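To begin, one chain is listed below as structure tokens, in the form predicted alone.
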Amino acid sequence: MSAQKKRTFKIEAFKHRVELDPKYAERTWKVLEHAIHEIYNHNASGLSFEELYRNAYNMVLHKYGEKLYSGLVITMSGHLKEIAKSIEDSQGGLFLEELDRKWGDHNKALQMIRDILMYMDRTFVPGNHKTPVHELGLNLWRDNIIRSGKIQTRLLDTLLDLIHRERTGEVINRSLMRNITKMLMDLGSSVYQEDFEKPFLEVSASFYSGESQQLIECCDCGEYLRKAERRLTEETERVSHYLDVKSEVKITSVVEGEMIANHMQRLVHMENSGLVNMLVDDRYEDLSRMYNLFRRVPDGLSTVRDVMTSHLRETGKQLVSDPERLKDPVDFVQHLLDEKDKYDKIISKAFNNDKSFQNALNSSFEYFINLNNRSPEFISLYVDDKLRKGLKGVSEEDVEVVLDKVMMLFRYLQEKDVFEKYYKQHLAKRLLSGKTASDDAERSMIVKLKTECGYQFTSKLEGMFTDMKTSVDTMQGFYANQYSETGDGPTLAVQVLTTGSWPTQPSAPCNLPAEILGICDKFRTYYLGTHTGRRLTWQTNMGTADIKATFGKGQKHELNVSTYQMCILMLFNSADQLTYREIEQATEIPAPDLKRCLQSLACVKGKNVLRKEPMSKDIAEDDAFYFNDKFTSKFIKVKIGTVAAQKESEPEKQETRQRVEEDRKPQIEAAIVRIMKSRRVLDHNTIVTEVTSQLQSRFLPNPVVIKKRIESLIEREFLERDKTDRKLYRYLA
């Protein structure tokens, strides 16, 4: 099939010119102009919108768009000038109502006009860069009504006056206000901001500046904050009722600035009602209000935090340095815990559990707890008090709560190794005297310490429990053996303690009574026979005894005493009267211990199985002691404790401190060697920093001590100084 020849089509312009009536444009515009007048005069019901649309369409089609557009501007402007006059003439409160009504009419008229001129809006307006009809209507309203000389100022004054009246407690027409502010927003955000919002914020700043000045003179801090909070709520509500939503941030910022930021310092330090008073009186509601208001302004929370920290450090400092408080360690620690509970509750209930406040609280406690170098000892004494049998009625959960609180204080201690020393001593006394509340509570405490400080910290404490268990098995073996045939003689219960695990000090052995020495020797023979390569040393200062005593009129009692007290009492089996020197010579008990034992046997009412002459509280070297056959007690079993200071005496404290310092030396040296082994060459300051960092979980090493340990390591050829730079150290492999 042959391809068909391609045809091309051409459309030519119509040759014949269409002649329009020269008066067509004028005549058509008159029809449209009349229609616009009718619309503004509320007579639109008689108009044919279809015919009007066609007329406007034809005018644009026949290139009369400019005439149509400019005619529209002139006609609308004329009507708006008349409307402006009518609004200006309205009296008093009718002014806003008239403005609102006319605005509604104008919007309806504008909608109809836009429908008629839709074709012009879609074709002529974009092509000639004109303003669309609706927008044009808004701009003309703005220029002829809102910004007319007489209306502009009056409108602003009326709006601001109504807001002022509402602030002072009057009820206003919020619906009308909403319509007027919406009109300003519809005219464009710049109109709302320039003609209303800007002056509104300035007037508000002035209003709240005056009010805050007035309130701060006559209100206390809590009342002032309540009023400031109420004002903020009112302004937020005002925005939601009749202002632009974007105004909320701006107006609340004005209120915050004038009522909070400008008076922060005065509020927190206000006499008798400021932040410190709120903290002291636990005013959670006021504190919460202060937190929520101050967090809204720059530096608000840091101001509250600084005042709280300063107050906390001051009260803490007084607490740890108060001589009265230091007399009772348990009471001292209880006060610390109460203070911590108090502020934990404040931070949780009032400060939204704010981490920065929690950190400030922790740093304050760490600061003042470590001001008192006896804090580690006192915390250990507190645990000792809680874990003794006196707390038997308390549930396990309550004991756990107490232990957790103690661990919290423990974390604040810089000298954790000092706490360990005391804890070991107190635990030893509890275990050996059988006064521990429960093994579970004891082990729970050790697990907590282990979690906090690692295995090394608690290994010796765990060893003490192991020894107690092993001792029970040893005693069963001893009595099952041939040595069980002790007849009516004394019964022995021995705890065999591993030297390295227990805080035993070399004590001068006292002279035990002959009856006791016999069975002790039997036990020694049995034990050394079953364990090779071991040595036994009797720690008579740590033992207890139960002895039966018969007093006047055949009255019998069982006395629970220490080993030292037993040695003293047994002397009175063969003598009715002994002097202090005779007792000292016979028993060889160290003088301080002997005096305390005699005090508890002769000077404590209800426990005085001995009589002293002359009678006084203190023991003198020329005192004489008699068996008190007139002793009576309603109990068969009488426990006679040893008079002893709960806290350490000054020499004991010095001795403990010395032992702690000695124990620290190898730890510091080990840290230095570890660091130098990995780094090979380091300067002095870096070593000090690294050692401090490694050891601070146990104690804060003194830089002077670190320097001495470095010198010692150089002497023993672990390190050497650099030949050229004396501040550098080298590790010697």
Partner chain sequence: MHKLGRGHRDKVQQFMAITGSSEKAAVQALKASDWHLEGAFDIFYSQPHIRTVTDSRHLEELYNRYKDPYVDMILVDGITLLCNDLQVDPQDIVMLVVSWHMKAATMCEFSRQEFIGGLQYLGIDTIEKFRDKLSYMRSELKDEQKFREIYNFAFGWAKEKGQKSLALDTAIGMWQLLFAERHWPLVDHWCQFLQVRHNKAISRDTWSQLLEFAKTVDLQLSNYDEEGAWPYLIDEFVEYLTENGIVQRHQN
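Positions refer to the first chain, counted from 1. This one's a predicted model, so the numbers in the text were calculated from it and none came from an experiment.
Keep in mind that the form predicted together with the partner chain is missing from the display, and what follows is about it.
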(message) How about N43 - does it come within 4.5 Å of the partner chain in the predicted complex, if we only consider non-hydrogen atoms?
(response) no
(message) So, H684 and the partner chain: in the predicted complex, are they within 4.5 Å at any heavy atom pair?
(response) yes
(request) Indicate whether H62 is a 4.5 Å heavy atom neighbour of the partner chain in the predicted complex. (result) no
(message) Residue-level contact is defined here as any heavy atom of the residue lying within 4.5 Å of the partner chain in the predicted complex; does K665 satisfy this criterion?
(response) no
(message) Counting any heavy atom within 4.5 Å as contact, can you tell me which stretch out of 666-674, 43-51, 701-709, 30-38 lines the partner chain in the predicted complex?
(response) 701-709
(request) Report yes if all three of Y291, R296 and D306 come within 4.5 Å of the partner chain in the predicted complex by some heavy atom, otherwise no. (result) no
(request) Taking only heavy atoms into account, state which residues of 452-466 are within 4.5 Å of the partner chain in the predicted complex, ordered by sequence. (result) none
